[in-house]
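Taking the form predicted alone, here's one chain by itself in structure tokens.
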Amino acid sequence: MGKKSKNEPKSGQLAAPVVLGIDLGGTKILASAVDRQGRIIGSAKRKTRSERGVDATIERILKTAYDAVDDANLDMDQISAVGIGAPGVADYDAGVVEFAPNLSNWVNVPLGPTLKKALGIPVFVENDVNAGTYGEYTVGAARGYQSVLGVFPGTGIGGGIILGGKLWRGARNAAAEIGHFVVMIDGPVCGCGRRGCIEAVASRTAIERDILGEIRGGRPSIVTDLVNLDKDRITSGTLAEALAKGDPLVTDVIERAAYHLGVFTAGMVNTLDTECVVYGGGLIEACADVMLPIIREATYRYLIRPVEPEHLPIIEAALGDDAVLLGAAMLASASLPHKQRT
């Protein structure tokens, strides 16, 4: 982040339109100027501080946007459009964030129109995980496929769906809320209030819950040496360290979560019949070596129509922290009239 490409276009010498991609998260805002090939040519980041209110957060978004453009040695009038990935439900056509649980008091916020008025250029607002999936589809691990299921386990489990080369948003802008696909009737309570959602079974939050429950029940784990359980969370990095040291408890819990993810993935593929599945997010980045083989094996076992692995690749995401902003940027570019994209 923040490093410029060797082929960085200079002011007044742009060969193709540049767009701005923004990842609006609960804790930080990331922004990058991105060329038509999906190359980052300038970046900036800032803490979100949404507790200060909607207007203050939007002001911080604008400052981060200008910082990223400056880092690219450009002016805002050389930016063709802005794409922004926001948490929660977003109305892409209206540019409204309908509800964002990770942002304080964000209900029906007209983010797109407000930023467009301030910047004087088109602004497109998308759900963050939808944007991340689109980023992997256009310039990441799923490039070249026309139908993609994106699964991103973390604190929760988010998803995105590409069908026929287009992002599928659904009739109410709520498609791919895959974290609330029920996999265990009367299972653990989910954050949504229901029981047995895949998010309540296999997210990092669920994994942490299960590890803590086992430790409190008297089962030993190296986690007690790695984390102060009275005040700290069990991060993905901690899980990776415990796995690397062969901790039996963490290994059991992670393997069980991966198995549930595989069964869930088979159900999604049985429904959508996508060409590939992309797994990303912090949990996968940290624990892919253990989780992905189990996810693959369980997925292929439970497919209603047997498929050879080479015909349904289940692959690790490639874009890391840049997935959302790159996807938002590429969506913005694709949403411009054709003459503005060429």
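Heads up: residue numbers just count along the shown sequence, starting at 1. No experiment lies behind these values; they were computed from the predicted model shown.
Same protein, other form: the form predicted together with a further copy of the same chain, not shown, and the subject of what follows.
Not one of Val123, Leu326 and Ser335 places a heavy atom within 4.5 Å of a further copy of the same chain in the predicted complex. The shortest heavy atom separation between Tyr302 and a further copy of the same chain in the predicted complex is within 4.5 Å.
Contact check for Leu272: a heavy atom falls within 4.5 Å of a further copy of the same chain in the predicted complex. Shown alone here, Val107 lies farther than 4.5 Å from a further copy of the same chain in the predicted complex, counting heavy atoms only. Contact annotation: Tyr92 falls outside 4.5 Å of a further copy of the same chain in the predicted complex, judged by heavy atom distances. Partner contacts here mean any heavy atom within 4.5 Å of a further copy of the same chain in the predicted complex, and among 76-84, 160-168, 109-117, 226-234 they occur only in 160-168.
Proximity to a further copy of the same chain in the predicted complex, taken as a non-hydrogen atom within 4.5 angstroms, holds for one residue of Arg219, Arg143, Arg209, His180, which is His180. Site annotation in the predicted complex: the residue of Ile41, Leu312, Leu62, Val54 reaching within 4.5 Å of a further copy of the same chain with a heavy atom is Leu312.
Annotation for 212-241: no interface residues with a further copy of the same chain in the predicted complex [heavy atom within 4.5 Å].
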